[in-house]
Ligand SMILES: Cc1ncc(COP(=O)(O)O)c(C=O)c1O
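The chain below stands alone and is given in structure tokens; this is the form predicted alone.
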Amino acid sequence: MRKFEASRRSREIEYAIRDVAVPAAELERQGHRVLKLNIGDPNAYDFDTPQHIKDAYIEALEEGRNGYSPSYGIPSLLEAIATRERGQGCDVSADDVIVGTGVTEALQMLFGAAVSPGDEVLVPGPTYPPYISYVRFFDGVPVTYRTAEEDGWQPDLDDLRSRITDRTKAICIINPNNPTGALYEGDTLRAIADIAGEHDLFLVSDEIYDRMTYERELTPTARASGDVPLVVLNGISKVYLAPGWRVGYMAFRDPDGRLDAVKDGVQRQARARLCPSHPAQVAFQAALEGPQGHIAAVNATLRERRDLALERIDAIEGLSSARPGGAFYMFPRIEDTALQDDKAFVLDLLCRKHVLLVHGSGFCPVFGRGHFRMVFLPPREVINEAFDRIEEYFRER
């Protein structure tokens, strides 16, 4: 009897953040309480979507907005996004915006339209895993450029420049960064844009955590990149605390029309997949246009939890961490030379102490190894309990 094989491209997809959840689920089935510091979902902890945004979703359902929407997004949301992006210095109209089922789908459609076999795309190392997986899925080559831990995980411009070849097509920026929490300097963004312009590349700027910052505000890539072709990615999931609603977007800032063919390729895919969630789009518009007061409160809570996590890490011999400037991640270094296999460390910690982290090599086998990613989203008591267990793990070694 014939056995059907999966395609090569599907076999190569890895997503470390959820892959490590499989053994954690087995421990939970056995009755163990697992402390989860692995996933960037604020609503899995003690955060919740602001009420006025939930009310807009409910109202959309009750008004019967349950059918298909236009493939690129409902017109009022497209205009709200364009208005928002113009406020960030990104000169776009509603016609330049395409709504996706989360930023992840937007990224998939963008690479599906932009990447041909053999094309190279520069992504920060370490990086959010789909930046590697989706480039490979479309037979491109993801090339990680170094971000410098000793400089708070800022991009290493010399390393970035050295990795450009005649096959390079785009430079990706994730700011604030996942997995490191780095908030990039404006001068760094301007330098990256200069490199892109010099080599005739376009920029992809993932700004999904843009308003989750602590000591200073984000410099939007649009304000730092002149006339270099730019695609901005953003959505409802993080700042507006609604990750399960799956609404994101891409905005093409392309005054000379150099990305017209790529944009057309994205639009073709958008039409083929019909549309994103219609009521969730209505709610996203309400999020963009409604009260923003929850953001300062969320950031104050996260900053306090970040500082607690840093304090606990500093007290453990064998761990160290750069201070995150944004998002809700940190990327500690495992300094104990006996624990340099970061995936083995994460799995052993899970097995012995029931604390779930994500191995750093899952975000880049070169620049992520010897590290782990954790979120500082949980309440203080959960963070303290998790670090009590981690500290105990290191004492018992």
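Don't overthink the numbering: it's just position in the shown sequence, from 1. Bear in mind that the values here come from a model prediction, so they are computed numbers and not experimental data.
In what follows, reference is made to the form predicted in complex with the ligand, a form of this protein that is not presented.
Only one of 257-265, 80-88, 139-147, 171-179 lies within 4.5 Å of the ligand in the predicted complex by heavy atoms, and it is 171-179. Interface residue among Ile208, Val231, Ala224, Ala114, judged by heavy atoms within 4.5 Å of the ligand in the predicted complex: Ile208. A single residue from the set Ser277, Thr104, Gln154, Ser71 has any heavy atom within 4.5 angstroms of the ligand in the predicted complex; that residue is Thr104. The three residues Arg216, Phe331 and Phe376 each lack any heavy atom within 4.5 Å of the ligand in the predicted complex. Put simply, Arg246 is close to the ligand in the predicted complex: some heavy atom of it is within 4.5 Å. In the predicted complex, none of the heavy atoms of Gln285 sits within 4.5 Å of a heavy atom of the ligand.
Within 4.5 Å of any heavy atom of the ligand in the predicted complex lies no heavy atom of Tyr184.
Taking the partner from the other structure, the ligand in the predicted complex has no heavy atom within 4.5 Å of any heavy atom of Gln281.
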